[in-house]
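Next up is one chain by itself, shown in structure tokens, the form predicted alone.
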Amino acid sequence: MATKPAAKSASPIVLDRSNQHYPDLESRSAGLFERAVKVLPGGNSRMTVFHLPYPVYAARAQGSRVWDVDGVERIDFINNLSSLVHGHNHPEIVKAIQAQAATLASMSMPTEKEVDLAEVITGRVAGIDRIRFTNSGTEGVMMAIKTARAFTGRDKIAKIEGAYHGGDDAVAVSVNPSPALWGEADAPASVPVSGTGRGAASDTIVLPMNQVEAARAIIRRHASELAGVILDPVVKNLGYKPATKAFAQMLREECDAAGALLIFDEVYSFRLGYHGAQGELGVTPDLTALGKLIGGGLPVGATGGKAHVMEAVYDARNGAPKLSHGGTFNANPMTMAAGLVAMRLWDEEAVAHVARLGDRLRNGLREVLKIADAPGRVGGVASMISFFHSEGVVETYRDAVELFKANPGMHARSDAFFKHMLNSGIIMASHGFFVLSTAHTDDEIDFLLEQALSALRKMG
């Protein structure tokens, strides 16, 4: 069933914000956080939703709107960091979850829904002939890396400097390295994230984003050791920076020459097009990690790939597979049911709708910056938007570090902007990101732009 673009409302946006004032140490959210710090380290289980002096606690949601525990209504422009591609509680997804919950919630047996969702994904994504489900994007990436190692018999993985691929040790390397540790630009050091062992980091090679010849030279130096190269085609930490076609094609060529596997981390970038980022780039990877939107809002991840790779590693029909892969809640029927509906709703019309809204928001934010005569840069692609309070070009992680260094007031402006938007009925990521859903309307984009202009004028 097609998801039609949401109609433009006939009246201005009106939100129930009678109790809205942040921060308010007498609020229920502040009280909940006070309780939370006594039982959760730092008061939370997700650093991505934490901000000082306390996070706002959600109570209910519908479509594009969220109500917090104090009854304040806001428009959600982050959508659980991309997983809610159809907004909150889409009626068809809710109906599927309710029906599945009444029938079978989890079981140590496969179900038809797993086959159904696998057929939808393999029928849409060029690089996925076979797929196995997990419970998070992190797990999807982890199993893709393990698959590459099992298939090639090699250990080393190459990744992009500054790219985040989840918590697995192999890619928890050079995510945000300091200049004192990152080494030379043409031979970046492998800097482990805190908690990642140096031994794990020694098997990870670091490449500069979109630097075709520099990255090519690094890959060739390690060609005989490489199991695979992993690329996020839209690097969030670089402001949703898309990979160029030339860069992705170079990775494909060098992996083929080295006998290594090309891995796409499409946990985020699957939003880029109906056939994912690989369809937009015209480059087909050997393995693809998925997550977020394919689960309809429930926990999900997946590792998919070309048939000859996946069957060589996982097929147990002729004896023990090369790689054991289990998980109590892998392909659980609740997630499969929700994901099946979400993917069927994520048709070409829906993809085009949110991409158009993304263009409207990016263009509007650029215009707002001009009107307010404020420093800032707008980035992103399709339904993913970044908004940073500084000017300058960012092509690589090192460019981003230099940009922050040259704009020491950037963090303070970002915090002031975030809190103004929160008090104006807008939910966004505190570090400057927006992710849209099919539930959003043109009027809601325009409302966001009005609040952004108000914030910038207030900040001066």
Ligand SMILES: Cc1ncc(COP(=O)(O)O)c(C=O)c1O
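Since the structure is predicted, the reported quantities are computational estimates derived from the model, not experimental observations. Position 1 is the first residue in the sequence shown; the rest follow in order.
Quick note: we don't show the form predicted in complex with the named molecule, though the next part is all about it.
Interface membership of residue 141, defined by any non-hydrogen atom within 4.5 Å of the named molecule in the predicted bound form, is confirmed.
Using a 4.5 angstroms limit between non-hydrogen atoms, residue 268 touches the named molecule in the predicted bound form.
The named molecule in the predicted bound form comes within 4.5 Å of no heavy atom belonging to residue 192. In the predicted bound form, none of the heavy atoms of residue 152 sits within 4.5 Å of a heavy atom of the named molecule. The stretch in contact with the named molecule in the predicted bound form, judged by heavy atoms within 4.5 Å, is 158-166, chosen from 336-344, 158-166, 214-222, 307-315. Of the listed positions (295, 228, 137, 127), a single one reaches within 4.5 angstroms of the named molecule by any non-hydrogen atom in the predicted bound form, namely 137.
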